[in-house]
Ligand SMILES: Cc1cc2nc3c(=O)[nH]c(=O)nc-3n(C[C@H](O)[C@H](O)[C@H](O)COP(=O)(O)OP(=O)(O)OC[C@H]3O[C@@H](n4cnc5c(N)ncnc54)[C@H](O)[C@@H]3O)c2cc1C
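Here's a solo chain for you in structure tokens, the form predicted on its own.
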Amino acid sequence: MNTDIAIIGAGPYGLSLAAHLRDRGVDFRIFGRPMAFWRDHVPSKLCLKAEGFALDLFDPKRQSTLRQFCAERGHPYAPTGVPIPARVFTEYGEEFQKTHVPHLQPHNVTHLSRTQDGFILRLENGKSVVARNVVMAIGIGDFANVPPPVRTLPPERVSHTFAQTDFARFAGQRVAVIGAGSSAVDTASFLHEAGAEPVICTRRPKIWINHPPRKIPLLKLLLTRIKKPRSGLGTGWRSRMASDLPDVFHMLPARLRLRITRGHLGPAAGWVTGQVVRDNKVPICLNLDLRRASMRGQAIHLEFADTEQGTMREMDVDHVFLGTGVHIDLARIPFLDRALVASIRTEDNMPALSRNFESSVPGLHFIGPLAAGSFGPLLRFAWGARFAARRLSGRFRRQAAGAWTRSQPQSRPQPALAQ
């Protein structure tokens, strides 16, 4: 099997790009299980923090919006103010794939390496694919951040918030949830509802929980929209600029780009699960920096530095959940050939990309959160899939047209066929 373009990953970014390439008649293949991360790593009943209008996947003619899907299936929907369950978003993505990317190959890539003319992909079914270009649209699944103090605990006693979608087995257990962001609060909420005894521990002095939507007078609404304009990343001028001006962001010095990417839109919990935590008085311990974790008999013994009081605090629990986010590092992608990793120029362990999402290795592209270091916070959200799909499909369309023109009257060269 040969192809000009191989897309690795079938989440919002991979599917949106594939829909654009199909519409433009560009030769490509796409590999991965559709919406796998959302189906396997996000609790189905979780109400997503993003507004409904910011959860669209993108086909060129905008025929398959989340609004249309919800209307057809009878799900509640509004552009803003109506939380969308993860289950609905996952079903929407799977329906989008069936409509716009029907030839998707649901096999994971197990190895990617470079050849003289392009790349070779090994698939979990034992077959191989040779491609001139590769687009990595793999999301964040490989990058769970595990703080050093808990790395020596038995694996069955520690879970990243990515790892659990069913909390029933924690009923009656004491559970420490480390973190201050949305995933930490979501997990504490689900643990409480399952009958566990969660406690949220964070080194931050405060946990931010978004306010539920409320009706406000029209004039006040207009003034609010001027002061804090809405965008696919949230409200405020910084989010609006990050959403609308990714090319300007790309031109900034690397140090400034990376600082903004790391700092913009810090941890904040959604109001649905936040309300469960708040109303049920789930304990929240602020200013606690986890220093050590060890086993004492059957309990996990945690030692924290209280950064406000200047003292140490101790806690025994049955399980630890890590709502500690992600740490993107190319070296952690398990199927990337080590020689290929070493040849990619990086900035803060993320690939340094051209305006067309191409890395320092010709033909190797990255979209989604892996591209956030080059294009800003927009690429951390599903909303950024439109920008990436339009830009990259246009590039590949021009590239294919140029290759065809250069090949006349001779036949177009093809890469070697893998066995």
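A quick note: this is a predicted structure, and the numbers were derived from the prediction, not measured. Residue indices: 1-based, along the sequence shown.
Unshown form predicted in complex with this ligand; subsequent notes refer to it.
The candidate spot formed by 249, 328 and 387 lies out of contact with this ligand in the model of the complex, as no residue has a heavy atom within 4.5 Å of it. Residue in contact with this ligand in the model of the complex (any heavy atom within 4.5 Å), chosen from 208, 162, 77, 143: 162. Contact with this ligand in the model of the complex, defined as a heavy atom within 4.5 Å, holds for exactly one of 131, 242, 201, 137, namely 137. Partner contact region in the model of the complex: 363 to 371, out of 61 to 69, 363 to 371, 390 to 398, 348 to 356, criterion any non-hydrogen atom within 4.5 Å of this ligand.
In the model of the complex, at least one heavy atom of residue 32 sits within 4.5 Å of a heavy atom of this ligand. In the model of the complex, no heavy atom of residue 191 sits within 4.5 Å of this ligand. In the model of the complex, residue 5 stays away from this ligand, with no heavy atom inside 4.5 Å.
Using a 4.5 angstroms threshold between heavy atoms, residue 26 stays clear of this ligand in the model of the complex. Contacts to this ligand in the model of the complex (heavy atom within 4.5 Å) from stretch 11 to 41: 11, 12, 13, 14, 31, 32, 33, 35, 36, 37, 38.
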